[in-house]
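The chain that follows stands alone, in the form predicted on its own, written as structure tokens.
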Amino acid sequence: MTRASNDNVAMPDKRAVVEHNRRMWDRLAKAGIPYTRLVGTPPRTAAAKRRFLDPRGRYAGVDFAGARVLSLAGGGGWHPILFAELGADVTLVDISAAQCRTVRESARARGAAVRVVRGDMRDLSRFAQASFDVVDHQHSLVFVPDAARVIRGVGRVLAPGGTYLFSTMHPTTLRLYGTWTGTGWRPRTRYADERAIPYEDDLWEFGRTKVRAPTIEYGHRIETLVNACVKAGMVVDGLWEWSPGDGSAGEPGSDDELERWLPAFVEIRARKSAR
């Protein structure tokens, strides 16, 4: 995938950034890129569905049956539907109307009960304190400038003893995508600088599907994410850095090859303190 550009997008404040990214994700969803639609076919048995949903075992020991699950920014994917099929009481919150529609229609077709709410992940005020036992949040913090605000909201709605599992783009690798000089990669910004990452190309490519959508992306530092969890009353008990492939098929200097040397994602699991 070609990384997105924000060089020519003037966003005056955080609210405008989020609104801009909402429009871009509706555009990407209309084009049908893999991140915005259901990819693959889940297996039939409960155990296999759980492995499909949690292939790296991050939810080990968490019982989904009867659990109140918030799928945060989980539109367009299988997670909210599979949680429901595994017996959870599921609420999806996503900012994209198109992605909400994808989950609503797919859940209905499979007979899965998923409550769908269109909303901004930074504002969970509609939900009461301690409303959820699990908050599942995959790969979307990169699109908001204020990750700590999102995590603070999660800490409020997560019940004591509850689990928050989230992932986002790795802040080091994100700064290096598309910067190959012929001899190495050159960071686009300093690691300490959490402003939007500038990119030169706004074209998203997946095979024959190509769409221009200049999303605005932020490389939130790992210390920012961990400290936000702590301040929100959660204890971090798992942190992983990983890439989906080994980069062996990547051309020299490509993003795929970069992910051979550095992780694409950082994933964090936190538990709400019971006191």
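From 1 onward, residues are counted along the sequence shown. A quick note: this is a predicted structure, and the numbers were derived from the prediction, not measured.
Just so you know, the form predicted in complex with a small molecule exists too; it's not on screen, but the next bit is about it.
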**Report entry** Heavy atom of Val266 within 4.5 Å of the small molecule in the predicted complex
**Finding:** no
Report task. Could you confirm whether Ser131 comes within 4.5 Å of the small molecule in the predicted complex, counting heavy atoms only? Result -> no
Query raised in the report: Do Ser106 and the small molecule share at least one heavy atom pair within 4.5 Å in the predicted complex?
Result: no
Report task. Considering only heavy atoms, tell me if Ser140 and the small molecule come within 4.5 Å of each other in the predicted complex. Result -> yes
Report summary line: in the predicted complex, the residue from Pro187, Gly87, Pro198, Gly119 with a non-hydrogen atom within 4.5 Å of the small molecule is Gly119
Query raised in the report: Of the residues Thr91, Thr163, Ser96, Thr173, which one places a heavy atom within 4.5 Å of the small molecule in the predicted complex?
Result: Ser96
Query - Contact stretch among 176-184, 106-114, 155-163, 141-149 - heavy atom within 4.5 Å of the small molecule in the predicted complex - result: 141-149
